[in-house]
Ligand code: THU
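One chain comes next, on its own, written as structure tokens: the form predicted on its own.
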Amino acid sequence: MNKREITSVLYEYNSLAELEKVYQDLIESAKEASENAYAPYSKFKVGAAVLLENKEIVIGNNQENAAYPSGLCAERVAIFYANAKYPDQKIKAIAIAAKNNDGFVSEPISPCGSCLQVMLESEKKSATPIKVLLFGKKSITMADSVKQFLPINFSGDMLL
């Protein structure tokens, strides 16, 4: 038996002011996007904002459906929209903010496994790491790559 240790590096910030302005703006866009989420069932509104190489910011929010799991998460809405509208632009960063009936969550939430897999595919497609920023009222978590959240992952290379 061999032992393999896997380490992920995440950065934690106590306030938006600690981040570069471009990331502050990206998080604010994600927070704004959450306002228009369609979440009548869970009441859990999530917004995502994607920063493209051309400096465009594309937003998305979760879209629920009574016929679960027909809805879609904010991250995938934003990424799919960005890839459809700007197919030649690399995604540089994504910010995610979530709120419930009490307002924005205190601690950052991680994207679900499906969203992480889509984010990872976008990294692979562009051969560029995507910075991930997760907003919480008490702290903000940042990673330099989606791989920090999904170090053991499924890739198209496995299909060959």
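Residue numbers run from 1 along the displayed sequence. Note that the coordinates shown come from a computational prediction; the quantities given were computed from them, not determined experimentally.
Quick note: we don't show the form predicted in complex with tetrahydrodeoxyuridine, though the next part is all about it.
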I'd like to know whether residue 62 contacts tetrahydrodeoxyuridine in the predicted bound form, with contact meaning heavy atoms within 4.5 angstroms. yes
Is the gap between residue 73 and tetrahydrodeoxyuridine in the predicted bound form 4.5 Å or less for some heavy atom pair? yes
Does any part of residue 108 reach within 4.5 Å of tetrahydrodeoxyuridine in the predicted bound form? Heavy atoms only, please. no
Closest heavy atom of residue 104 to tetrahydrodeoxyuridine in the predicted bound form, within 4.5 Å or not? no
Only one of these stretches, 120 to 128, 27 to 35, 62 to 70, 87 to 95, has heavy atoms within 4.5 Å of tetrahydrodeoxyuridine in the predicted bound form; which one is it? 62 to 70
For the stretch 19 to 49, which residues lie within 4.5 Å of tetrahydrodeoxyuridine in the predicted bound form by non-hydrogen atom distance? 42, 44, 46
